[in-house]
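Only one chain is included here, represented as structure tokens and corresponding to the form predicted on its own.
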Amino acid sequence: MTIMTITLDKQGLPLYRQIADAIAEQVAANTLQPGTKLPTHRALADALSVTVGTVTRAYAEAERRGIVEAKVGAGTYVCQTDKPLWTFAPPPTPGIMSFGYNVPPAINRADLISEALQQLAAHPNELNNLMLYQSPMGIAHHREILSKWLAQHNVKTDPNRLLFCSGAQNAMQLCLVTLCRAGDTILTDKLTYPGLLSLAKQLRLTVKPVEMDDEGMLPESLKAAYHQYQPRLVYMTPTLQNPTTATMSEERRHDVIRVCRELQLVILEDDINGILPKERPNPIVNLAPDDVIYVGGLAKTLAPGLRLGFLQLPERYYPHFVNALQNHSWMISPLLTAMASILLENGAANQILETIRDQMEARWRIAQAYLKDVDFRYHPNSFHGWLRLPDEWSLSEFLAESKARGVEVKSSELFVPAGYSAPPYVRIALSAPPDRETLEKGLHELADLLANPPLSDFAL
């Protein structure tokens, strides 16, 4: 603890302010170094012949200025000069090799983001305007930039029918809130995105599965399910389906559209993974823009932290969704859409996308060496793969053993609507490990597990 010399001689200035100013001056002069522990409230009060309350107020003022910080049970310290002004997410759990979450691979975006922030800061008048309330439809110029960028990736949109959202999950929530009521039924693939199942449960919607094959949802099964359940809408992910990585052929997409038009059934197309492949069929929205609600986002292709999603809507639905968004959050942050627009327009988004594609192709080449003898479905630009367990492994045993070895994967149980059985599969998100060392270590453990199933117990 440092003994400070402070002279209180400024007439008319409250004592607590004089003490706080003196601390600030000594920190600026390096008389008090970062990390230095200050005297206790009582010790400094006695040294300066002031009340403990005066010192308490002085320390609080110094803390408000960012000069010192109080640590519960430890005292008051001079702040570290290199301490960030924000709190980072906790690091990965030591010893855990996570293949759990479908997140983009860890890449450096800092320089590109920094340039975009500098571009924003260079126009103070525009920056001030972004801090004001805007229309819930968002800024028209930002929608035009997004539409042009999507066109580069073969997604046809109309800026006047685009709507920004706080991520693709929020976009799906708006869809279900706007189009459905408690008790309604929605159709999905037999295996589907857990986020959709969670939303449906929260909104008290019933989810019914539709049979699928290697391309995804079967048109005739969709028709049969419609007549059986009378659903409000059908949700599908036609490109890099989660969890199976199935991608519909263009012919299958036309067949699905034909069935839905015949039944007057709205298609909710989740294309969150659709821009990841270097080549893929037309999104369904290109083929039937008046029959499809298109959900997209920038989490997979640009940066999850931006939390920016979007909807392309049939004209008849657009005003209803604008109203729903306004009721929900009034608007999506104009600062956020401006930031994204800069990254989309200056080429940074495409640069990040190409880096992500290259990273995933490299990771899948590594995975092939470890998982070459198993039934494993993947796409070289996808974040995840779908692994069928050998017959000797039960799903519960495999999950327990992989967890014991420090390897996290996702069970097929998470992707099945309530009340339906789970197949013997796990989803492996190859994008999740933060580095090659963790990736290879986890793959080694998985390969060893798959090659060494447990012995079956003999039973009468």
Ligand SMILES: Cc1ncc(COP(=O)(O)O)c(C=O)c1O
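All values derive from a computational prediction rather than experimental measurement. So that there is no doubt, residue numbering starts at 1 and follows the sequence shown.
Here the subject shifts to the form predicted in complex with this ligand, a form of this protein not shown in this document.
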{"query": "The single option of Tyr193, Phe321, Phe99, Phe164 touching this ligand in the model of the complex, heavy atom within 4.5 Å", "finding": "Tyr193"}
{"query": "Of Asn381, Thr245, Gln169, Thr185, the one that lies within 4.5 Å of this ligand in the model of the complex (heavy atoms)", "finding": "Gln169"}
{"query": "Non-hydrogen atom within 4.5 Å of this ligand in the model of the complex for each of Glu215, Arg253 and Tyr294", "finding": "no"}
{"query": "Contact segment among 177 to 185, 128 to 136, 341 to 349, 264 to 272, judged by heavy atoms lying within 4.5 Å of this ligand in the model of the complex", "finding": "264 to 272"}
{"query": "In the model of the complex, Leu222 touching this ligand (heavy atom, 4.5 Å)", "finding": "no"}
{"query": "4.5 Å heavy atom contact, Arg232 and this ligand in the model of the complex", "finding": "no"}
{"query": "Contact test in the model of the complex: Arg280 vs this ligand, heavy atoms, 4.5 Å", "finding": "no"}
{"query": "Partner contact for Ile113 in the model of the complex: this ligand, 4.5 angstroms, heavy atom", "finding": "no"}
{"query": "Heavy atom contacts to this ligand in the model of the complex at 4.5 Å, residues of 297 to 317 in sequence order", "finding": "Ala299, Lys300, Arg307"}
